[in-house]
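Take a look at this one chain, the form predicted alone, written out in structure tokens.
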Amino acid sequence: MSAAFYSHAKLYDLMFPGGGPAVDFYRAEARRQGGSVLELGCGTGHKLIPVAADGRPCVGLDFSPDMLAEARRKADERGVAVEWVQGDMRAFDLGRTFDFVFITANSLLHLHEAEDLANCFRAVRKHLAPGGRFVFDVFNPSVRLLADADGVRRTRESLSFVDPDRGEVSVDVEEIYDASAQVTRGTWHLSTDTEPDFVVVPLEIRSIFPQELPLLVSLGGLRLVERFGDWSGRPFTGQAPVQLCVCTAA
């Protein structure tokens, strides 16, 4: 589950500040669906806090206590009510159903085994109210980019950020792709000029290819009803950067 990567919640928020079209999409989906909302892998609340601010009753579940603590702090700061729950998206029972369930920002890809994904989808199915919708997004794997994962450490200029306590922070990543497991195994290095590698953490992310995705969803008792290729709702194609999936109970 790459738990160590998410033990630095404030650094995570500086590296991935959130906002943008993904937030707009999920807010619009929650408004359209109405009713109660559950986010799995909610992290520090990038998507869920804005949804809750619209007046939806919201629950956020995450594996990382550090991410949840930061989410709770941010929600309290904004005066937004959210119920935060520590749990595993593969096996949870909240004792109620929800009108809208979502998993965003590739959080689903921390589940590497097909059975883990199916178990997650089964748990989602159990928590979907009649007429409820389940929406998630994962990247669309690029064979070229996977082949470029050669274990060489490279700087990710787009991820550099300023830490109020440390100053400019650079981010280096080295990755290899394990084709048999469909998992990219990476090590992330955060450094400043005076503190090289002050954080070094692993991150392992699965790829879900377009043909297998509907089959995995169906194993969990769900049905893929729509798949978009970007946040504006364009149809999914092989060149699309994301697989934005809308599901209902089968």
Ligand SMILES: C[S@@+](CC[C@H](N)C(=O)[O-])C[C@H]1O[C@@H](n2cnc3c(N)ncnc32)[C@H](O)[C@@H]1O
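All residue numbers refer to positions in the sequence shown, first residue = 1. Just so you know, these numbers come straight off a predicted model, no measurement behind them.
The form predicted together with the named molecule exists for this protein as well; it is not shown, and the discussion that follows is about that form.
- This chain is displayed without the named molecule, yet in the model of the complex the stretch 44-52 from 208-216, 44-52, 188-196, 28-36 comes within 4.5 Å of it by heavy atoms.
- Although the partner is absent from this view, Ala105 contacts the named molecule in the model of the complex, with a non-hydrogen atom inside 4.5 angstroms.
- Though the partner is left out of this view, Arg133 does not reach within 4.5 Å of the named molecule in the model of the complex, counting heavy atoms only.
- Interface residue remark: His110 is counted as part of the site for the named molecule in the model of the complex, having a heavy atom within 4.5 Å.
- Put simply, Arg125 is far from the named molecule in the model of the complex: not one heavy atom of it is within 4.5 Å.
- The three residues Tyr6, Leu61 and Arg90 all sit with a heavy atom within 4.5 Å of the named molecule in the model of the complex.
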